[in-house]
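Given next, in C-alpha cells, is a single chain: the form predicted on its own.
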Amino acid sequence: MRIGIVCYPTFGGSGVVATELGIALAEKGHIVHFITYDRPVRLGAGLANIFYHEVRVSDYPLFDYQPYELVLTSKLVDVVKHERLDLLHVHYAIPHASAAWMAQQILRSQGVWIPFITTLHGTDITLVGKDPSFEPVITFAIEHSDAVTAVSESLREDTYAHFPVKRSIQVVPNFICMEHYQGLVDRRVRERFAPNGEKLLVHVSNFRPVKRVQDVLAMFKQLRNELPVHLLLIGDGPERQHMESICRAERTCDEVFFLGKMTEPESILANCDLFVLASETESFGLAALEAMACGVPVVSSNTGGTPEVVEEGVSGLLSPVGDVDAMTANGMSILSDPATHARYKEGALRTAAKFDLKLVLPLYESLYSEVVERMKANGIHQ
C-alpha cells in the first residue's frame, strides 16, 4: 500500500508516534511518504520505502500569518496525484485533517479519489479544541474523515464531551518497539549523574505549564530529605528558564540536571530508577510508556489516559494532580526497598509489552485495508 503520513515533525508524542508508525509500515513493505514542514526528528536518512516531502511556506508580505494549511493542501494534492497514494493518515485534527479534506475535494474534482484517516493525539482536543473559535472546523474535519482513531479511551471520551461529534472513533493506543529499549544500561551514565550511588529520578516533557514540572521539582526536594536522589530533566519549553532559576536560587544545580531536547531519551531513561510525570492532563502518556519499556517504574498524576498506560501497583503508582505529598510518598514506597523496586521494574516491562508495536501495527494495517476496501465497494477507484 502507498501511504501518505502528515504529522508535526517535532519532539512531541504525535510526531514521534507518526514517524515510528511510518518506519514500521515501510519495514513491512508499504511505501510511505511523509508530508510536513520539516524532516521528522525521529526519521533517519536512507530508509528503504520512505520518502519525505517538505511543505515550504513562502514569506508573502501580504499575509500577517502565513497560510500553512493552504500550502499543505496543495502539497497533498501534488503528492497524492504523482505518487499514486492509496490513502492519507493525518495525525492531529488541525490543520492536518482539515487540509486533508480540502485536498480530497480538489482531487475528487479531478477524478482522483483518496480516503484519509485522522488520528487524535490529545492537545488538538483537550487544549486547542476548547477554544470555541476552532470547534466548527475540528468537528467538520472529524465528521468528514473516512476513519478516526484516538490514542486512548480517555481521549475518545473527551472528544465526544467537547465536540458535537456523532461518528464512531476507534481507540488505537500509542506504541513502542520493546526491542529498541533493551540493552541500554550504561554505567557511565550513572557515574556521571549519580557518582555516589544516588537514586535517579527522571522527567521528560515539553516544559509547558500543563506538564506541571514545578511539581516534579517539589517532589524531588521532598524526596531528597529521605533518600539521596538526583533529578534529570529532559526536554525544553516555556517553563525551563523558570525551573533553572529556582534551582540556582536554591543551590541545587549539582543535583538537578537540565539535559534539553534529546532524539533518543531512552539512552538516559534506561539508567534511571524512577520516572515522574505530574501533568494536569495527558491524553496517553507516551513518555511514561517509554520509561516503562526501559524497565523504569512510574510515579504519575492520575489523569486522562495515564491510568490506561501505568498499571497501578504493578508498573507504578498514581495520585491526584498537584498532590506532591502523595507523589513523594509513592516515590518512597517504590525506591526505599530494593525488592519492591525490583518488582516494579519487572512490572514496568510487563505492562509496556502490552503496547508493543507488533500488537498495535496490525490494528492500523487492518484499518487501512478496511477504508480502502470500503471506497472500492462504493464504486470509487483511483
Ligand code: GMT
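Nothing here was measured: the structure is a model prediction, and the numbers come from that model. Numbers for residues come from their place in the sequence shown, where the first is 1.
Missing here is the form predicted in complex with this ligand; even so, the following discussion is about that form.
For the residues Asn271, Asn174, Ser145, Ser301, the 4.5 Å heavy atom test against this ligand in the model of the complex is passed only by Asn174. The contact with this ligand in the model of the complex, taken as any heavy atom within 4.5 Å, belongs to Lys211 out of His230, Arg156, His203, Lys211. Residues placing heavy atoms within 4.5 Å of this ligand in the model of the complex fall in a single listed stretch, namely 276 to 284, out of 247 to 255, 231 to 239, 159 to 167, 276 to 284. Using a 4.5 Å cutoff between non-hydrogen atoms, His96 does not count as a contact of this ligand in the model of the complex. Pro9 falls outside the set of residues with a heavy atom inside 4.5 Å of this ligand in the model of the complex. Contact check for Tyr92: a heavy atom falls within 4.5 Å of this ligand in the model of the complex. In the model of the complex, at least one heavy atom of Val151 sits within 4.5 Å of a heavy atom of this ligand.
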